[in-house]
Ligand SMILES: Cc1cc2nc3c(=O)[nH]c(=O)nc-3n(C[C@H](O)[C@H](O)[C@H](O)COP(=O)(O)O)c2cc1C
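Below you will find one chain, with nothing else, as structure tokens; this is the form predicted on its own, and questions on how it binds or moves follow later.
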Amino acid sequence: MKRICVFLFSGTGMTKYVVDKMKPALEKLQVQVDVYPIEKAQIPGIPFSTYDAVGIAYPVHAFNAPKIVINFAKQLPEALAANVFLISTAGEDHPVNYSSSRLLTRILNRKNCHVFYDKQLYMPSNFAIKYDEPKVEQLMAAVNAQIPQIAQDIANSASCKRESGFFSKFMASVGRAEWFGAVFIGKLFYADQKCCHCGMCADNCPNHNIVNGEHIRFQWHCGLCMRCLYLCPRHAIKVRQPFTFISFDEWYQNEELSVGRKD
């Protein structure tokens, strides 16, 4: 039986949805799958040599893999020499997103890894633009239809690469400025009077950026993953001007896409 592991980062649940669908599809093909959330993964304790392939799954942030994913890749063993597949999720099928894995792939190549599979899936937008429900259903149906073939490809070590042009590469380079801007935008987050101090945001922040006390405090480590916004059971977390467009008051109606439990 083949064994693979998937290192997962998911801010608002889109990438987790894909991995949760992939896991049983791979297991039907007699592939054992271990999933490690990137923010909790203890690299020294992971038995890399026992896996036939290593996967990294992430959402596209500003035309790139999120900084937390890049930092994780840098911490992987120098002589990892693994067969690697990449799964990314984006809010739309646009060539500008096609270079999101470029920096990540370069880091993996330096660790003697072979990236044989690089697949991007398109999920409902969760930043600035909220899709209507018919479009959500259309996108989810398309993703669900692709999962069995993706599982088959990974099980068979089939090659899948994306071609990216100059503009996409340029935008990926420019987009990394978000890594620095995110810490300042994160200071504009606040919890309003609806906050019940349940601690869910602080406990689940992948960057340990939130302190739950008499007042919810946002520090200088935000990665702009928006997990706190979507996880809050009372929609209490807001963003000040000029970035109020980041937050949605409600999530999509699709129950499988819900993050946390809303009152």
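For clarity, every value in this text was computed on a predicted model and none was experimentally measured. Numbering starts at 1 and runs along the sequence shown.
As for the form predicted together with the named molecule, it is not shown, yet the points below apply to it.
- A155 falls outside the set of residues with a heavy atom inside 4.5 Å of the named molecule in the predicted complex.
- Using a 4.5 angstroms threshold between heavy atoms, G55 stays clear of the named molecule in the predicted complex.
- Residue contact check for F63: one or more of its heavy atoms lie within 4.5 Å of the named molecule in the predicted complex.
- A residue is said to contact a partner when one of its heavy atoms sits within 4.5 Å of a partner heavy atom; L86 fails this definition for the named molecule in the predicted complex, lying far away.
- Site residues A90, N97 and L224 are all in contact with the named molecule in the predicted complex, judged by any heavy atom within 4.5 Å.
- The partner is not shown here, but in the predicted complex the stretch 159 to 185 reaches within 4.5 angstroms of the named molecule through a heavy atom at E178 alone.
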